[in-house]
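Below, in structure tokens: the form predicted on its own, a single chain.
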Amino acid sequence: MIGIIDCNNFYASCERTFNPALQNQPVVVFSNNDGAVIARSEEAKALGITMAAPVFKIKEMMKLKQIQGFSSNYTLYGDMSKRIKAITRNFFSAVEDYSIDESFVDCKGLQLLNLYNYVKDARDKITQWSGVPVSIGVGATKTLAKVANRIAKKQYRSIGVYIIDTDEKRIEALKNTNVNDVWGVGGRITAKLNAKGIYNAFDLSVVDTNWAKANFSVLLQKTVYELQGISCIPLELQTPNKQVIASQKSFGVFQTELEPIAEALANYTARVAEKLRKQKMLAGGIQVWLGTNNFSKTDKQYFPKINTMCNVPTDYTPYLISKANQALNAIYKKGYVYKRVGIMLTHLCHQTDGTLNLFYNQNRKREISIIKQFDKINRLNGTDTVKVAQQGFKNNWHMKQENLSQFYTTRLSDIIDIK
């Protein structure tokens, strides 16, 4: 049996954890630059707030209904995610970190226990110890666990647990699940399935698996097997290294000059370089792109991108920033209003696989020494305590976050005082 632990309304729940006044109040969380709604509490959903609703369209409603809105606090959400996953590992030995708010868990070895009682106890303690409510669905496969989790959220929210452990429960659950709500089945595939008379998960589970493969893909064939209770998608207990690492954000204020765009790019490069080192990888190439506001009907449009290669694979932040800015200079043009800049590190390899040239070995030893101290200082004292000069200090390009909550778990000055 496989379970999935899913945090309920994760971003909104994180905000509530440190602000009890938000309990039972409608809460929404905004996307980058406070542009659209990306998370909603159940109370906000009940008021008709839809996912991706533009913030400017619901401002009056938020005032009228006293809906609390917050800018995305990814530092807080990321730290809360780590805490929840650490608690989860107290109850389940094999855990796959699927997303920021979801974890698959292996329920093998619990046969001699009352599975429901064990999972319910785990659910209650994860919720209590983290402050974030979670739901757990359990089934014979990952896909069935997803179906069970949906039922736990919709029909058994106060209990927070549902287990598909009999064929009767499997069939009933599938008949009450729209095919569009099956894990891995998107809108385009749903339309094609509907055209062939397949409307719910049970309809999909009884199709011929070879037909699913021939008419759609191997992935849909695996989904059919999984709905039948035959496991085809194993737990990934070791997170695979990414093939590329990228960062892109829209500017808080549109930019026309090169200097602030270069500063933003330098900061995004510093972030992806940190991720690169955490994976113990080196980057052999860089791609940089620019973009104007594609929603504007009056501004000239320009969306260039460029690729460049490093002299040798590296994880050294100053070098990567220098190469990225060289690329930016090659594609930047005056006369445009830019909305975003982005960077992607490519041609990744493990630190032990980097090909060095004859004259680079001593430089590499020096870079490793510098960057280790660089990371240590920033880890102990906060991001960008030490940074490359090209990252700048004004940051007038920074994304708009007018409703940002405090960094309750990662900044000493923001820790809550209890009197």
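We call the rigid core the largest set of C-alpha positions that still match within 1.5 Å between the two forms. On a predicted model such as this, the values are computed, not experimentally measured, just so you know. We number the residues from 1 along the sequence you see.
There is another form of this protein, the form predicted together with the DNA, and it is not shown here; the text below is about that form.
*Asks:* Between the options A94, I230, V244, V206, which residue brings a heavy atom to within 4.5 Å of the DNA in the model of the complex?
*Replies:* It is V244.
*Asks:* Considering A283, L76, L265, V182, which brings a non-hydrogen atom within 4.5 Å of the DNA in the model of the complex?
*Replies:* Only one listed residue qualifies here, and that residue is V182.
*Asks:* Run the contact test on S99, I189 and R340 with a 4.5 Å heavy atom cut-off to the DNA in the model of the complex and return yes or no.
*Replies:* Affirmative, all three are within 4.5 Å.
*Asks:* Are any of the heavy atoms in N311 no more than 4.5 Å from a heavy atom of the DNA in the model of the complex?
*Replies:* N311 lies outside the contact set for the DNA.
*Asks:* Considering only heavy atoms, tell me if L219 and the DNA come within 4.5 Å of each other in the model of the complex.
*Replies:* Answer yes; at least one heavy atom of L219 falls within 4.5 Å of the DNA in the model of the complex.
*Asks:* N307 versus the DNA, in the model of the complex: is there a non-hydrogen atom within 4.5 Å?
*Replies:* Within the cut-off, so yes.
*Asks:* Test of understanding: in the model of the complex, would I38 fall inside 4.5 Å of the DNA by heavy atoms?
*Replies:* Looking in the model of the complex, residue contacts with the DNA include I38, since a heavy atom lies within 4.5 Å.
*Asks:* Please determine, with the chain shown alone, which of 166 to 174, 100 to 108, 118 to 126, 195 to 203 has non-hydrogen atoms within 4.5 Å of the DNA in the model of the complex.
*Replies:* Of the options given, it is 100 to 108.
*Asks:* Heavy atoms within 4.5 Å of the DNA in the model of the complex is the criterion; list the residues of 113 to 140 that meet it.
*Replies:* Nothing in this stretch is in contact.
*Asks:* So with the core overlaid, does the Cα of K85 end up 2 Å or more away between the shown form and the other one?
*Replies:* No.
*Asks:* Align on the rigid core first; then say whether the Cα of P133 has moved by at least 2 Å between the shown form and the other one.
*Replies:* For P133, whose C-alpha is compared between the shown form and the other one after core superposition, the shift is less than 2 Å.
*Asks:* Rigid core superposed, CA of D121 - does it shift 2 Å or more between the shown form and the other one?
*Replies:* No, because once the rigid core is superposed, the C-alpha of D121 moves less than 2 Å between the shown form and the other one.
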